[in-house]
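Shown here is one chain on its own, the form predicted alone, set out as structure tokens.
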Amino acid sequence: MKALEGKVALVTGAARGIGAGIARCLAAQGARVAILDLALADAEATAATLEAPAIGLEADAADERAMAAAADRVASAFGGIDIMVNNAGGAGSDVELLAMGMPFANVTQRGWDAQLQGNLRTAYAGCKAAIPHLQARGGGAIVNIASIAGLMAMPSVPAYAAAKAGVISLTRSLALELGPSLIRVNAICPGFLWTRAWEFLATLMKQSVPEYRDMAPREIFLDAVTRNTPMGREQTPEDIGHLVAFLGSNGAANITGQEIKVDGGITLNVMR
């Protein structure tokens, strides 16, 4: 029997990237999966590729009413929710630029608010929507996708880092509150993954760092991986997905309130 056989998972921001990798790993372990994204067609397309029953949903993960309605639809379609994965995050590249620091005075209010909405309010809305359904099942798991940026000083992206630190704090608070309900709440802190956000950042680095001017964004990213990761390899969506699948399983029944780094050792560098 697969580890997640009979369980139902809702994953936000799951049409592509990390979210899609998480969905694939959950489905591979037998979970029925709801793919939630801003674009319905993309969510349905990803759901159609999974090896377990899956549906695609369209909703803004930062909107508590939309998330409540989406959670109700998932519970109606599959009989309940056992695993909630708050993965949705980020903002449009123009807003990301407005949230870049160094100096901090460069950060605009619009950029700051967008980062907190896209990376912290999404976790708030997803947790709030899922908790009643998890309680109705007699327990379950919430996994919030944070970032190593929430654990380190990040002067180049202070708004993003503050939002992810907030996700980690929320994870701890909910783990304490929901423990008696047998709902486990954990956070995963990914390191360097090749995402649209990293492609945008690498493009900015290409324009501003002389040694990167003749390199493609992907090459710049891999150079950053080589320089900063003790294991010398990038992290993948499946690296995150395998851990999510474990945290959602009965094998993790006594793990809660943790922020788990999946970074190839990047954060160890601060100890040097």
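Quick note: we count residues from 1 along the sequence shown, nothing fancier. Predicted model only: the values in this text are computed from it and were never measured.
A second form of this protein, the form predicted together with a small molecule, is not displayed here; the remarks below concern that form.
Think of it this way: in the predicted complex, the small molecule has a heavy atom of just one of 198, 124, 112, 78 within 4.5 Å, and the residue is 198. At the 4.5 Å threshold, heavy atoms of residue 18 reach the small molecule in the predicted complex. Mapping the unseen interface onto this chain, residue 38 counts among the residues with a heavy atom inside 4.5 Å of the small molecule in the predicted complex.
The small molecule in the predicted complex comes within 4.5 Å of a heavy atom belonging to residue 89. By the criterion of a heavy atom within 4.5 Å, residue 146 is counted among the residues contacting the small molecule in the predicted complex. Taken together, the three residues 7, 29 and 83 all stay farther than 4.5 Å from the small molecule in the predicted complex, as judged by their closest heavy atom. Partner proximity in the predicted complex, defined as non-hydrogen atoms within 4.5 angstroms of the small molecule, places exactly one of 168-176, 187-195, 68-76, 126-134 at the interface: 187-195.
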